[in-house]
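First, one chain by itself: the form predicted on its own, in structure tokens.
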Amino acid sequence: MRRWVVVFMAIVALAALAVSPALAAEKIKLIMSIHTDFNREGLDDYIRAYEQLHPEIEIVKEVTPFEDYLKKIQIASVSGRGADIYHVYSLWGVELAKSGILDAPPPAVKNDVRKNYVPVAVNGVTINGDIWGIPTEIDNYALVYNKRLLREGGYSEPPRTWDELVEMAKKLTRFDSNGNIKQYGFTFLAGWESAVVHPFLAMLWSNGGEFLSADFKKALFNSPQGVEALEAQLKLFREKGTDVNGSVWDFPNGNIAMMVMAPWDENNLKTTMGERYADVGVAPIPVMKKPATALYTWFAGVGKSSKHKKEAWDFLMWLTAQVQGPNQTTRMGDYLAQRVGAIPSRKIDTENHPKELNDQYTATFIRELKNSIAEPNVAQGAEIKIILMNEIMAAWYGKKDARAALDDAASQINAILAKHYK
């Protein structure tokens, strides 16, 4: 009997030796949390390429629609299911850093960002004076117009000042027999905070105003410069150059002469307009007093609760910082410029994608980077943005004048700021 026991124990020992290499080779799984619009064709190719270079790594995507994305990040973190890698809107950065969802980048990552990214992108990922991630896409705003509609209205060039825009919009607006607008000289988009607030901020800054105080303790957009900027928008409504029913999404239909839009809309316009895409023109936002436009940023970061922070940062640096190929660009730069249709924020990528970034649509956005101001990363930034949108829309709908709308927004926002900035 003892002989069989010895043999059995030897077999068990051999089995243990056979199993242990498999256990030792268990892969490190990195969960990558992204929003739907970032999940374009080609991203999986980069993930698979990295896994081939690092067979010990497995990268799993979690993809969430943008409108649910922030809530998903917060709920997952509270429930202990936070991701290793995040791609987030910079405006959420204060909450994500304060709540312990994001990990502070290593010094080498911060140094790379300071050295190699366009300044406005560095500002976009700076929270309380420190860098909290790697900038990816940057989105500023410009005037997008329909060349054919302008030409039919007797104009060979887009407007250069806001007063010119108002006059042109009035003449380019057409009405049906019931008095409803069938062709918009200019259109906004009510109900989407970025489409309401970002154009207003561009006008505010162009008019010499400020959004918030430098210490974030007080709203400043209800200054005379801010009231004048909103009044300039309201003039479009009063003089029937637009109304609240317009939508920038109707531009491909050929019934909108002018709108303010971001660079990422290029692929949509190309796809939906076909040959009529040749009618699309892009120019700087017409100035009030000086050139200025608004810009927002996305950045990649690592979860503070991640058990594999080094591996996560290594992957992100491979994706965003390793220069490769004949054009000397990064993988992230290629992905953003070629697949997402967005402007990369690393200097070498902005410079070395001439085909994508110096084309009919995007070239103006690139030139306007020098006049772009990043929206500030402030506590409760998303909530503040919605408050400002609602008050601006109240003015659009004629429920308040410009002064009352901005004063009411400032009162609500100041109450929020007082809780976070002493």
Partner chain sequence: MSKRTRTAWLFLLPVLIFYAIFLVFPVLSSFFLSFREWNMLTPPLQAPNVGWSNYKYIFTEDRVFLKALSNTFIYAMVTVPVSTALSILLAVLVYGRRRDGFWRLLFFLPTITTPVAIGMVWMYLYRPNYGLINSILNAFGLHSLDWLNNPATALLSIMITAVWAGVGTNMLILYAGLKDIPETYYEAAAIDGAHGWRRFWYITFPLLKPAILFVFVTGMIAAWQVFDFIVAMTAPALGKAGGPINSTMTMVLYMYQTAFEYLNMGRASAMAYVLFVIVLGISLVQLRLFRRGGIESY
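Positions refer to the first chain, counted from 1. Keep in mind it's a predicted model, so treat the numbers as computed, not measured. Between two forms, the rigid core is defined as the largest C-alpha subset superposing within 1.5 Å.
There is another form of the same protein, the form predicted together with the partner chain; it is not shown, and what comes next is about it.
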Checklist entry - Within 4.5 Å of the partner chain in the model of the complex, do we find a heavy atom from each of E137, T173 and K347? => result no
Item to check | Among 39 to 47, 353 to 361, 392 to 400, 368 to 376, the region lying within 4.5 Å of the partner chain in the model of the complex by heavy atom distance | outcome: 392 to 400
Checklist entry - Given that the partner chain is left out here, which of I131, I101, L143, I85 has a heavy atom within 4.5 Å of it in the model of the complex? => result I101
Checklist entry - Of the options P224, G274, G325, G191, which one has a non-hydrogen atom that comes within 4.5 Å of the partner chain in the model of the complex? => result G191
Checklist entry - Can you check whether Q338 is within 4.5 Å of the partner chain in the model of the complex, heavy atom basis? => result no
Item to check | Non-hydrogen atom contact Y184 with the partner chain in the model of the complex at 4.5 angstroms | outcome: yes
Checklist entry - Can you check whether S156 is within 4.5 Å of the partner chain in the model of the complex, heavy atom basis? => result no
Item to check | Partner proximity in the model of the complex: N116 to the partner chain, non-hydrogen atom cutoff 4.5 Å | outcome: no
Item to check | Residues of 393 to 422 having any heavy atom within 4.5 Å of the partner chain in the model of the complex, listed in sequence order | outcome: M393, A394, Y397, K399, D408, S411, Q412, A415, K419
Next on the checklist: My question is whether L149 is one of the residues whose C-alpha shifts by 2 Å or more between the shown form and the other one, given a fit on the rigid core.
Outcome noted: no
Checklist entry - Does S305 count as moved between the shown form and the other one, where moved means a C-alpha shift of 2 angstroms or more after fitting the rigid core? => result yes
Item to check | G254 C-alpha relocation of at least 2 Å between the shown form and the other one, rigid core basis | outcome: no
